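Take a look at this single chain in structure tokens; it is the form predicted on its own.
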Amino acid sequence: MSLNALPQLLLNGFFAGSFYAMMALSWGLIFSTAKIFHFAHALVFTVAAYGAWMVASQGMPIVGTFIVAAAVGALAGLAIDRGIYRPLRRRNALQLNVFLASLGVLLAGEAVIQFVFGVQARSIQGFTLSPLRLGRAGFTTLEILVVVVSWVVIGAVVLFMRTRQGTAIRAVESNPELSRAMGINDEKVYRNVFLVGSAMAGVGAVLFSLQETASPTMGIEPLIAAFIGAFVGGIGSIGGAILGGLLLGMMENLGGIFLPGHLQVIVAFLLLFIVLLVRPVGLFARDTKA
């Protein structure tokens, strides 16, 4: 591909990276605090997308659709934590058992969604798509929406983490035993991170469905991008998750200089592999062993 396409690829990378940054932060917040490889985050994403589709098909404005999706996502995430993860925590279940339970919830949930709604993809309507240009690069109003909504949500979460509830999350994330000794209710903290992270996934589900469609297995691709971004940036680092997602989006799209479109996904796994080899804690995390 000619380097003349570089401005377009950089712009596409920023659009994709903004979405990945939000998703990496949503998944990374849960993983770093609850220490759960929350594979069922993909199901939360899917459930929120179908909730958004249902209200959008009844004529709800796009703002209302985002609010409903965030609420549906938050409730779905909380239900998974309260119904599956909390009983396992109380029994001190192995991490492998928790992961398998999370994977089982995802597979069972996808089957239920497919049974109820069928296999056909669903489109969310309600947003006017118009082409725009910036020099040689072209984009759409939908991509602008993705960037604006993603960064508004990221900013809101960054501000939330500076509140008293956010400080409690940081404490449990750093040292659960010490935080309990200081009187912090870790179950309340887990509830908060699942509500916040899952609501973010709900917002992301609307953005994804506006660009693509809603389908029973739609959550896997955003989930993979989320945990790659979170691990590349550094688990436990809010800034790391954001920068990791941005880097992933940029690298995927800049890979288009050398690779055809259907092979650009290789770049994501290559990036993760290199980072795990060179700096296992993530590019932007503080290395506690240093």
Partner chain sequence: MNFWFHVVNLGLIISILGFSLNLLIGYTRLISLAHGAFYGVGAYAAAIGALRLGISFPWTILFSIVVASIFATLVAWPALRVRHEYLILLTLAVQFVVTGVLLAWTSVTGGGSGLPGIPRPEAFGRRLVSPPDFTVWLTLAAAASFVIAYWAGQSPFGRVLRAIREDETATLAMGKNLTYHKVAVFTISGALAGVAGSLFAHYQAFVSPRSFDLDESIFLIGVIVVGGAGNLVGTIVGAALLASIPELLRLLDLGRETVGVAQKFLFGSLLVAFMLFRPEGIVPEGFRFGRTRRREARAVGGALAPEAVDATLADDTDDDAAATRALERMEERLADSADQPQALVRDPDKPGILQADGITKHFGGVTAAEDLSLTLSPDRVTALVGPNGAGKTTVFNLLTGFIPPDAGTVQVDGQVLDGLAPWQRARMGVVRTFQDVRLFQQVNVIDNVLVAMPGQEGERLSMLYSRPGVVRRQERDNVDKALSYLEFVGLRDRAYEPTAALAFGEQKLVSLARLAASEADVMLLDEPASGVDRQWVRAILRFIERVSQEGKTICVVEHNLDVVRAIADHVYFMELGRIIAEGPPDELMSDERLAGIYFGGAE
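Since the model is a prediction, treat every value here as computed from it, not as a measurement. Numbering follows the first chain given and starts at 1.
Keep in mind the form predicted in complex with the partner chain is missing from the figure; the text below concerns it.
Contact with the partner chain in the model of the complex, defined as a heavy atom within 4.5 Å, holds for exactly one of 100, 134, 159, 144, namely 100. Partner proximity in the model of the complex, defined as non-hydrogen atoms within 4.5 angstroms of the partner chain, places exactly one of 193 to 201, 149 to 157, 100 to 108, 70 to 78 at the interface: 100 to 108. Contact between residue 224 and the partner chain in the model of the complex is found at the 4.5 Å heavy atom cutoff. Put simply, residue 66 is far from the partner chain in the model of the complex: not one heavy atom of it is within 4.5 Å. Residues 84, 87, 88 of 72 to 90 are found to place at least one heavy atom within 4.5 Å of the partner chain in the model of the complex.
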